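Consider the single chain below, provided in C-alpha cells and representing the form predicted alone.
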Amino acid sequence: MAIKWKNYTTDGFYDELILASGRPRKSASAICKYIAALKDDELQNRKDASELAIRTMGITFTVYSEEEGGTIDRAWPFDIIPRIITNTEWDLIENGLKQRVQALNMFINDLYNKQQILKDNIVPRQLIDDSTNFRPQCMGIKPPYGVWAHICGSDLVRDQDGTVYVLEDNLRVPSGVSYMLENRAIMKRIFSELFEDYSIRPVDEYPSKLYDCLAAISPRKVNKPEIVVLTPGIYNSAYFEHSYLAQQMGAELVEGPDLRVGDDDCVYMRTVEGLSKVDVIYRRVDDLFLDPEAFNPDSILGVKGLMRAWKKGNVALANAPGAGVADDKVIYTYVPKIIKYYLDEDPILPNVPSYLCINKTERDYVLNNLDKLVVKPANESGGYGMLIGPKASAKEREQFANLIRRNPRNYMAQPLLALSTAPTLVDHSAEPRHLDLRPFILSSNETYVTTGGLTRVALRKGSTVVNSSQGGGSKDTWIVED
C-alpha cells in the first residue's frame, strides 16, 4: 500500500508540497509522483537506508538529559520527503535576507561607534542600556568591512496565506548548517536517481564560501591565512558541527587551552612543532566565556588576552563579540525601522507582528490575551523559556504574567502563527507536520546566502516546536525550477 496523495489532507494549513485540492504543487509534482510509485517495502528501505547513513556518518546532536544525569548523543532525526521551494520565490527570499543582514551589521557597527540611531531616537537608548548582550568592551572597534555578524542564521516561517515572515535573527553563534549539508548527502545516497532528473540547486559550496568569508577578514594578507574553529569542547550541543566545519574547511579545531596570546598581542596555536600564528578565529564560544581578562574571569573555555589582540587588529573574530546586541527578540521588532534608517528601503521580508511588553499599552494587551499569544524572552534560544499561550495551562499563563510584570524589558509576544506544513513520513503514510526554515548568510567582503537552508520539522502531530532538542527533526530543502 503506497502513499496515496488523495488521502493526504492539509488540515486548512498552507502546505509546501500539496494544494488544498489535494493535488501536488507544480514544482512538487515530480517528487510526489515518484514517492507515490514506491511500495511500502521500498519506502521502508529508503527510510532504513537514511538511518543507516546517519549512523555510519556519525551525524549526532547533543542534549542534556535529567534522566541520564548529563549529556547524551542522539542520532540526527531526518525525514526523507524533501521540502520544495521554487527559484522565483527563493530569489526574493535571498534578496530580503541580504538586505536584512546588511542593515543589522550597520546597526551593530553604529551602536559600538557613533550611536547615531540612538541619538535620532529610532531605537530607544534604554533598550541598549538594558541589553544583556551589549558589550561596552567593544566600543570604538571597527572590524573589517564594518561586519560584526559574519555568519547569520535567520529563521523563516510561512503563514496560512503563504506569506513568508522572518521569525528571528541568530547573530551570535548560529548553528545547524552542517545538518543542512549532511541532509543533502543523505538524500543523494538514497534518492540518487532523482538528482539526475530533477534540477536541484546545490548546497555543497558552503564550506568553501565560509572559508573565503573568514579568509577575507584576515589581518595578514597571505594566500592561506591560519583559520581555526574555537569550540567549547565535546560536551557542547553543536560539537558535531564544530568538528565537521573545521574538517570541511581544512581548518584546525581548537579549544581555549590550545591558544595563547603572546607578548606581542598576537594569537598563537600550540602545535607539536611549536607556536603557530593564528589569523582568524571562527569562535563557537559565547561572548562571556571568550576572554577571562575581559569578561568572565572564571572562564576556562576562552583565551586570556584575546580581546586585546582583536582590538589591536592582530586577529579576526567571527562572529565578532558584541554582535548579539542585535540578536535580541525585542530589538527584532525594530528591524523594519533599522532597514529604513540605514538603507532607505522598505523591508523585502516582513517581521511577524509583535508586541513589546516594555510598552505599557502593548503589555496590557499581552497580559489580557496570554491564551492567544506566544511570549518569548529576549535572549533565549532553542525554544526554551517561552510560553505558547493557546497550549499552556491557566497556572503556566499566570506564572508567565508574573515574569512579565517583574521584567517587561525581557519579553515580547506574537500571535501563534498557523505555520505551514509539509508531508512527513509516518509509518507508511504521509502526514502534514509544521516546519520552519533557517537559511545561512555569510558576510565579509561580499554576501552569500545558502541555496535553501535547514528545514526543521515538528515531528509530533500538531506541534509547532521544531527544535531537535525538543522532539523536532529536519528535511532536505530543494530549490527547484518553477
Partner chain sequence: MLSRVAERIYWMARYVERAENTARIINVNTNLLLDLPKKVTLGWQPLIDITGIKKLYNEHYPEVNERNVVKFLIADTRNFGSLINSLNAARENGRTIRDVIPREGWEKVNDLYLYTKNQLPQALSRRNRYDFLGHIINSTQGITGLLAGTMTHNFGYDFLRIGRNLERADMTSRIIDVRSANLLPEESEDLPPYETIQWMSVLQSLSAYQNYRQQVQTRVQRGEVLKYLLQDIYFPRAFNHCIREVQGSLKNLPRHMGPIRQLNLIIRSVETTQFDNMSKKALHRYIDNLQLQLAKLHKAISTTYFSIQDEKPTKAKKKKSKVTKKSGGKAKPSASAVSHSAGSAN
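As the structure is a computational prediction, the values presented were derived from the model and not from experiment. Residue numbers count along the first chain shown, from 1.
If you look for the form predicted in complex with its partner chain, you will not find it shown, but the lines that follow are about it.
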Review point. If contact means any heavy atom within 4.5 Å, which of 446-454, 26-34, 39-47, 52-60 contacts its partner chain in the predicted bound form?
Key: 52-60
Check your understanding: Is D371 a contact residue for its partner chain in the predicted bound form, using a 4.5 Å heavy atom cut-off?
Key -> no
Check your understanding: Contact between D346 and its partner chain in the predicted bound form at 4.5 Å, heavy atoms?
Key -> no
Practice item. State yes or no: in the predicted bound form, is some non-hydrogen atom of G140 no more than 4.5 angstroms from a non-hydrogen atom of its partner chain? Key: no
Point to revise | Partner proximity in the predicted bound form: R201 to its partner chain, non-hydrogen atom cutoff 4.5 Å | key: no
Revision key, fill the gap. Students should find that, of M180, V261, V285, A238, the residue having a non-hydrogen atom no more than 4.5 angstroms from its partner chain in the predicted bound form is V261
Exercise for review: Go through N379, N351, N87, S243 and name the one with a heavy atom inside 4.5 Å of its partner chain in the predicted bound form.
Suggested key: S243
Check your understanding: What residues of 248-277, in sequence order, lie within 4.5 Å of its partner chain in the predicted bound form by heavy atom?
Key -> E252, L253, V254, E255, P257, D258, R260, V261, G262, D263, D264, Y268, M269, R270, T271, V272, E273, G274, L275
